[in-house]
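The chain below stands alone, shown as structure tokens; this is the form predicted on its own.
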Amino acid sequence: MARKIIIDTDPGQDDAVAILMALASPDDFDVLGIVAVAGNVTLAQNARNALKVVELSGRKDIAVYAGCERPMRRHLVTAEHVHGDTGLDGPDLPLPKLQLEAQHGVDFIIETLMSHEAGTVTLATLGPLTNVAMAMIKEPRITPRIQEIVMMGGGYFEGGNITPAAEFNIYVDPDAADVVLRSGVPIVIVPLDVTHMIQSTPERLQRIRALGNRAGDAVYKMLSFSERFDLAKYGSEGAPLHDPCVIAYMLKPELFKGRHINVVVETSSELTVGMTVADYWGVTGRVRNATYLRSGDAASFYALLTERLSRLP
């Protein structure tokens, strides 16, 4: 039976690949909706990008909502230096014909969780956690109804990617991440520690390009654009691929290894704000609140991604 999910996202090239991977898997996922949040670029542009990606997938049955346009307590930090001015530079995707839903994304999350049986809807979060935290604050009754949150965010052994200590999604809205991590919901964290192992090497990108479909060509162009920043930064053979690891974990959790630990977010330090402090060795005695993934099988991940993308137009 297909798993009911809401995708919360700030597309971003890697977000786009994750969305395509999910929409290519209708037997595995019943995507109830996609909610945009401010992050990689502004909310309006992220929402437009989400519509573009849905159209690219051919799944015009998927509703897209716009959520929060800024973090809960802070000024918005964006990442055009990585993703380009549109947030989705690389392919020349047409302006979407699909329209955003009128309902606010936070209200959609609340309504969906309240109307479905408790414990049957998973949140797949690919960006800052503003929408999810605001939904929890606005309607606390949704929190125990969430089946699971699988989130791309954080880093510990690899450090950060927007500051030395912080990963971008958490850094943009650490207060929201703090709310979510204190919520008691079952959480799986897919951090930089994993995604830095899942590298889009030239050979892997060429296999995607060789699919010969629109989606494969667009993904090749997206990742060829966005990876230039990380290739220059890390000097590695390929760039990390972050958000699709969330979808891959839900499809094949056996590709990843980690442990159930305590994770807290720093919200006040000037040097380390947004840091996810992962008690991987259990030295604090704090309550374990998240399954923290530390490694992944890159070859099997790319085989899965390529196979799913091959199903699209």
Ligand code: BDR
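Please read all numbers here as calculations on a predicted model, not as lab measurements. Residue numbers here begin at 1 and follow the sequence given.
Not on display, but discussed next: the form predicted in complex with the named molecule.
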| field | the named molecule contact at L129 in the model of the complex, heavy atom, 4.5 Å | value | no
| task | Examine S226 and determine whether its closest non-hydrogen atom to the named molecule in the model of the complex is within 4.5 angstroms. | result | no
| Wondering, does V188 line up within 4.5 Å of the named molecule in the model of the complex on heavy atoms? | no
| Would S200 show up as a contact with the named molecule in the model of the complex if we use heavy atoms at 4.5 Å? | no
| query | in the model of the complex, which of the listed residues (L113, V179, L192, I208) lies with a heavy atom within 4.5 Å of the named molecule? | reply | L192
| request: Name the single residue among M152, A215, L88, I109 that comes within 4.5 Å of the named molecule in the model of the complex, judging by heavy atoms. | output: M152
| Of 7 to 15, 300 to 308, 287 to 295, 20 to 28, which is the one stretch near the named molecule in the model of the complex, taking non-hydrogen atoms within 4.5 angstroms as near? | 7 to 15
| Can you name the residues of 85 to 122 that have a non-hydrogen atom within 4.5 angstroms of the named molecule in the model of the complex? | none
